[in-house]
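Encoded as structure tokens, the following chain is the form predicted on its own, with no partner shown.
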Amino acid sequence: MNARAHRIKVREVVSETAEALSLVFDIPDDLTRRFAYAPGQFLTIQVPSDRTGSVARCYSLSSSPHCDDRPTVTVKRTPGGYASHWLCDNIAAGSILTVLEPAGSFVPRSWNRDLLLCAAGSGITPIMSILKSALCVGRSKVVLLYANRDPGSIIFARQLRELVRRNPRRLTVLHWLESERGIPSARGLAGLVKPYRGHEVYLCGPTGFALVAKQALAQSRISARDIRQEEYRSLTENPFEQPAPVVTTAVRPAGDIASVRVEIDGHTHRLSWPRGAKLLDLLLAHGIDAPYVCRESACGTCVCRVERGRTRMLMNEALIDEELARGLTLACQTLPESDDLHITFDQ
């Protein structure tokens, strides 16, 4: 079992639409620090399965750490989606779920810039967390472009109306309903987003919508450097059940091994690091409680900083150029290039 997994009680289940509900978690006092989260992050939930024992699914936090009392995830039924159907059909107030600590890198770096938030369907969940946080702690203007099938499928419709009423000069909500306007098109979306060219963009939604939205942003001459996208994907491995990998140095010559000092959770570890071993595998093999979820470079959970030495990543889908320039790397994909390295997780 992943050392960052905890059994958490569901305090309340809130019906959002006919297909979506929110799970409000009751975090015990001794886990408050571990479940501190940033707007835009997600929780990974273990769902029991008769075939595989369990499956793991990531659900974005729709609550804001700045203005909501308890962390909340929102789950929408997806066609053929075993986990979403199981949660919607079986979870009630008082249910206990096994949950990994908050993770994810889809997080605003500053609240000083105006924001253009683009979402479709359940992609609103991390966007809602960012939106509420921006209104709570920042002074910038926020524009939400939100695409849905019809009025009945708008998640958080009542909350959005209330937020606009309370923040008429700062919040603008632009709805695109397929029942009225058809499938979103690049040209149609461009007409809506063009007035907000100077805003920082956060985008979350199904692949088709994300592709069209990025085309619209490009047509509106919004720089790709100002766009952050959250992608939903199924996990290929189960972080709740996967055994730690074994990394051995027994048959390697000395030149194939680097030395690394790792700072994590207030502790310092000095390890021999085989050149062909990923940093995360090395840490788990030594029983070190390193954070991870997907192990595929997409979620950003295992991000750390190279303080000294050189490394290289086999894949990178989570970090942008600015973060790479600050020395950030993904432990699940990182190999050593220098002989002596210093890496910190407590940034």
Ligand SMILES: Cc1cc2nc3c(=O)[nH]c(=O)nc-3n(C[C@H](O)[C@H](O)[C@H](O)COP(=O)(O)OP(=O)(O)OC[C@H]3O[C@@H](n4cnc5c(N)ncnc54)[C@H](O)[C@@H]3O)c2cc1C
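Every value quoted in this text rests on a predicted model; they were computed, and no experiment measured them. Residue positions are given as counts along the sequence shown, with the first one as 1.
Just so you know, the form predicted in complex with the named molecule exists too; it's not on screen, but the next bit is about it.
Contact with the named molecule in the model of the complex, defined as a heavy atom within 4.5 Å, is made by all three of 42, 58 and 76.
Proximity to the named molecule in the model of the complex, defined as a heavy atom within 4.5 Å, singles out one entry of 111, 176, 232, 209, which is 232. Just one of 98, 84, 153, 220 comes within 4.5 Å of the named molecule in the model of the complex, counting any heavy atom, and that one is 84. Contact with the named molecule in the model of the complex, judged as any non-hydrogen atom within 4.5 angstroms, is confined among 24-32, 282-290, 59-67, 313-321 to 59-67. Though the partner is left out of this view, residue 125 does reach within 4.5 Å of the named molecule in the model of the complex, counting heavy atoms only.
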